[in-house]
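Single chain ahead, by itself, as structure tokens, in the form predicted on its own.
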């Protein structure tokens, strides 16, 4: 099956406190999104990439694509109001009968092993969702003032890439948006499809806060 990846970069990353979206911030002399794309190209130089970007920052992307010679490998769509809308826009140019991974642009240290396992699992089972176990104690806030402890051995922290058979994923995205559609796994499951999980990589961090950028810099320098 042909392999595609949607790089979800439609957000503005306001929690970073920067003037530009976090996916364009420098990480070890390259923008974060370039590190992320390169990981997938290392895995498969022929993989088809769809970058879902904020329309306002498309000129910035064109400059980067020219600098890093990425025009040949990458199609571009514009992000929507919600992550759901952004992925839905990208899926419009993904063909049926393929494997498609959906990956956060701000997870630049995803390992080749995790990417490979994601595609392998999805090809066999239809979906592949990476997870890691929490390292800290976990409690649940029921919004009534009760913060109850949970067994952390039964909790999973979900990552990307989340990979699927494209035909069924596109069908799942015909649903109306719901607030609990925080990732593609939720959309897939709501459409009546089964999820298949596999153990991911603790270094596959999502850069959300300034401290995450420092951690990512350290990890890249010491890999």
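Everything quoted here is computed from the prediction, not taken from an experiment. Numbering follows the first chain given and starts at 1.
Only in words, not in the display: the form predicted in complex with a further copy of the same chain, which the text now covers.
Among residues of the shown chain, residue 50 is not one whose heavy atoms approach a further copy of the same chain to within 4.5 Å in the model of the complex. Using a 4.5 Å cutoff between non-hydrogen atoms, residue 60 does not count as a contact of a further copy of the same chain in the model of the complex. In the model of the complex, none of the heavy atoms of residue 177 sits within 4.5 Å of a heavy atom of a further copy of the same chain.
In the model of the complex, a further copy of the same chain lies farther than 4.5 Å from every heavy atom of residue 68. For a further copy of the same chain in the model of the complex, the listed stretch (60 to 68, 28 to 36, 155 to 163, 41 to 49) containing residues with heavy atoms inside 4.5 Å is 155 to 163. Along 37 to 62, a non-hydrogen atom within 4.5 Å of a further copy of the same chain in the model of the complex is carried by no residue at all.
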